[in-house]
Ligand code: 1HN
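Shown here is one chain on its own, the form predicted on its own, set out as structure tokens.
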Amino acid sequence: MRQESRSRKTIRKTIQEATTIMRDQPERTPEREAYYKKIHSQNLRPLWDVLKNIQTVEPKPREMPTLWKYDRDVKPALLESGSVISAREADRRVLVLENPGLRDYFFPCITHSLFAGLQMIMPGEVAPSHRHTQGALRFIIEGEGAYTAVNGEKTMMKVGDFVITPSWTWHDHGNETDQPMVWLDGLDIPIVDLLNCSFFEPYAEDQFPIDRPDGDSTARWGYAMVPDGYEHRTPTSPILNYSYERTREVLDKMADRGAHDPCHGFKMRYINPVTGDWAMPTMATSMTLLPKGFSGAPFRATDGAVYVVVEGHGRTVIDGKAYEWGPRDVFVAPTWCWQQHETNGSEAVIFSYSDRPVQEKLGLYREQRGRGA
């Protein structure tokens, strides 16, 4: 044990020395400046002059921890948007949750790799059918009875439901009730843009033809079985709607066992039942139950996470600052920032998504736990 301890100290000292060396950037002399200017016209640039931009000891996120209070701030703005523009004219009436640290980003996003926006459909409206290469998730915030339809299957949506729109599938939304319906849209827009693989196509009609009954995908793949002869062709889960009712039942059964994770409470991930992998190839989706009086141990990870509160009240401390949240609030914890979840007088349920699947596939994902974990 002592030898192992000395070995770790040696490694730590070596890393510290390397870090010191790395921070000593080459001096910019007049001769070097002239040389840099000369080769610039030949579309050349010295790597040693720009290494400081990528060689960092640890991730330095541009996005900032941010909290959006739904009832106080977002909902009034959403309702007002209903009188400003129709769903048909807007195509999608969405208010983007723009991270203040990314205001000069190529597109308004919540993290450097993820998009988040709150979409509202008013009674009688239809958001016209289209398809795009970006994968999308819908997490229902408020209302009941509106629908989303994906490639011929319609699903009615309730608060807490997690609905998937796979890449390049026809989809439209509609509200046949007498109340507005609101959900969070999460998309992998920055990831697809990085790869320059963005395609978009509007459908000729407002609605894609429905040729499968509501609940068809759950009946086929949602019970630890698959249709005989089914061939897996896509990394996205074939299930359209992961209902909150079933998810809450699972969380309650987990909580009955009594043992919870010191950082995450009772956290369950949504999976693709065919592969056992994440439900979506670019976005990790999870639902967490934090027990009453929970005081989580600190943790951090390389995937910046977006959180949506379903039930309960509490707070999350991110890099030393507390963010108080309640039902329907949305907040974001940037990559590699220390965070701790806490509840007060009641248990809480929180949905979250991040870019973890991409990092895992590339072997880049890291997480760290602090004391008490």
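The structure presented is a predicted model; accordingly, all values stated were derived computationally and were not measured. Counting begins at 1, following the sequence as shown.
FYI, the form predicted in complex with the named molecule isn't displayed, but the following is about it.
- Contact check for F266, H341 and R371: none of the three has a heavy atom within 4.5 Å of the named molecule in the predicted bound form.
- For the options H171, K154, R300, H112, the one in contact with the named molecule in the predicted bound form, meaning a heavy atom within 4.5 Å, is H171.
- The listed set E176, D277, D193, D185 contains one residue whose heavy atoms approach the named molecule in the predicted bound form to within 4.5 Å, identified as D185.
- Contact with the named molecule in the predicted bound form, defined as any heavy atom within 4.5 Å, is confined among 156 to 164, 234 to 242, 250 to 258, 127 to 135 to 127 to 135.
- Contact between L102 and the named molecule in the predicted bound form is not found at the 4.5 Å heavy atom cutoff.
- Among heavy atoms of T285, none comes within 4.5 Å of the named molecule in the predicted bound form.
- Proximity of Q119 to the named molecule in the predicted bound form: non-hydrogen atoms within 4.5 Å are present.
- Contact check for V94: a non-hydrogen atom falls within 4.5 Å of the named molecule in the predicted bound form.
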